[in-house]
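A lone chain, given as structure tokens: the form predicted on its own.
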Amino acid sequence: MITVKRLHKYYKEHHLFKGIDLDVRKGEAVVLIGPSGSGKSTFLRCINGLEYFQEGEIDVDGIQLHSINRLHPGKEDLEIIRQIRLKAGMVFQQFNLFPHMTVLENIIESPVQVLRMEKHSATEQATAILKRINMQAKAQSFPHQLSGGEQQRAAIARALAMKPEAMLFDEPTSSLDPEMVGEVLSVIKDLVNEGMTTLIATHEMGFAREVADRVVVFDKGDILETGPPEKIFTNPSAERTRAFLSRILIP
């Protein structure tokens, strides 16, 4: 479903990714863990075309993205990015909802404007998604009237309204108060259980152990190791993985 080959990413003289590779199978839940600044978020943003990279190839369900001149991207490059974003929805740390629109209006905006859905059909679809995540009572609320957890669930609903083949989650609970984390993780867990292909960068280690088919450990732009959660959390191969896990007190 998602293949990353020989990915190189530079920030001026800083060489963050030095030819990393990753394959994600259709229906697989892959969780990215590692210290802050290790490259997890940048990796997801490269897949979604939000960050340009200098070398390598990213393939999302047959759509191939290569290095792009970020100052002068061509029309073909921008079209490829558009197609990838239709294939892979993304949910960010910040909710990025339009403040002047209701929850329902936020959700139907892209299906109507980008997919050219009829407003009635988009509204029916949005209502079904909101019911699915237990947010139907908030359809006419504005973002400022919602809790952080409700805003993030609305952001997930907005991404799902585009009918993506995969979902990318960039530390979706990092901006939430602790009591709101569970309601967002529950929605993501349901998506995983339904077979949605997911890539999730998170600091929630208990959640990672529970939902991941595979855990990928990042550090300083490198992938230290990958494996099933029971292997990574109980018997990691890399010393840097053991050091990271010991610092965050995995039970």
Partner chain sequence: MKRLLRICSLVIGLIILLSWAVYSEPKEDAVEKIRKRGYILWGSDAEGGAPYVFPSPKDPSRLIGFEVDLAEAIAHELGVQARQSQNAWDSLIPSLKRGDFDIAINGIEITPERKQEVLFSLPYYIYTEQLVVRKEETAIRGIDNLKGKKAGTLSGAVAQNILEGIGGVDVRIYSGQVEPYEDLAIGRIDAVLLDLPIAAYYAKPNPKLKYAGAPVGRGYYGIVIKKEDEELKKALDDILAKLLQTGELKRIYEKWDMWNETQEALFQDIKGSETHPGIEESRKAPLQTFFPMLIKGAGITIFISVASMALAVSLGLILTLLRLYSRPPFSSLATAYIELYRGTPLLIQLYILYYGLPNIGISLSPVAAAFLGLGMNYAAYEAEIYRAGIMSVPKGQMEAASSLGMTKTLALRRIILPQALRIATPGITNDFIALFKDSSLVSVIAMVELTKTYTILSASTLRFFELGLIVAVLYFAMSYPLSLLAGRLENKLKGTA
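Residue numbers count along the first chain shown, from 1. Quantities reported herein were computed from a predicted structural model and do not represent experimental measurements.
Below, we turn to the form predicted in complex with the partner chain, even though it does not appear here.
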| message | Is it true that Ile133, Gln136 and Leu146, all three, sit within 4.5 Å of the partner chain in the predicted bound form, judged by heavy atoms? | response | no
| task | Identify which of Ser175, Ser121, Asn96, Ser141 has a heavy atom within 4.5 Å of the partner chain in the predicted bound form; exactly one of them does. | result | Asn96
| said: Considering non-hydrogen atoms and a 4.5 Å limit, which listed residue (Met117, Ile129, Ala166, Met162) is close to the partner chain in the predicted bound form? | reply: Met162
| Hey, in the predicted bound form, is Arg45 touching the partner chain, heavy atoms inside 4.5 Å? | yes
| message | Taking the partner chain as it sits in the predicted bound form, is Leu104 near enough to touch it, meaning that at least one heavy atom pair lies within 4.5 angstroms? | response | no
| said: Whether Arg158 contacts the partner chain in the predicted bound form should be assessed with a 4.5 Å heavy atom distance threshold; does it? | reply: yes
| said: With the partner left out here, check for me: in the predicted bound form, does some heavy atom of Ser110 sit within 4.5 Å of the partner chain? | reply: yes
| query | Taking the partner as it appears in the predicted bound form, which of 202-210, 45-53, 29-37, 178-186 has residues with heavy atoms within 4.5 Å of the partner chain? | reply | 45-53
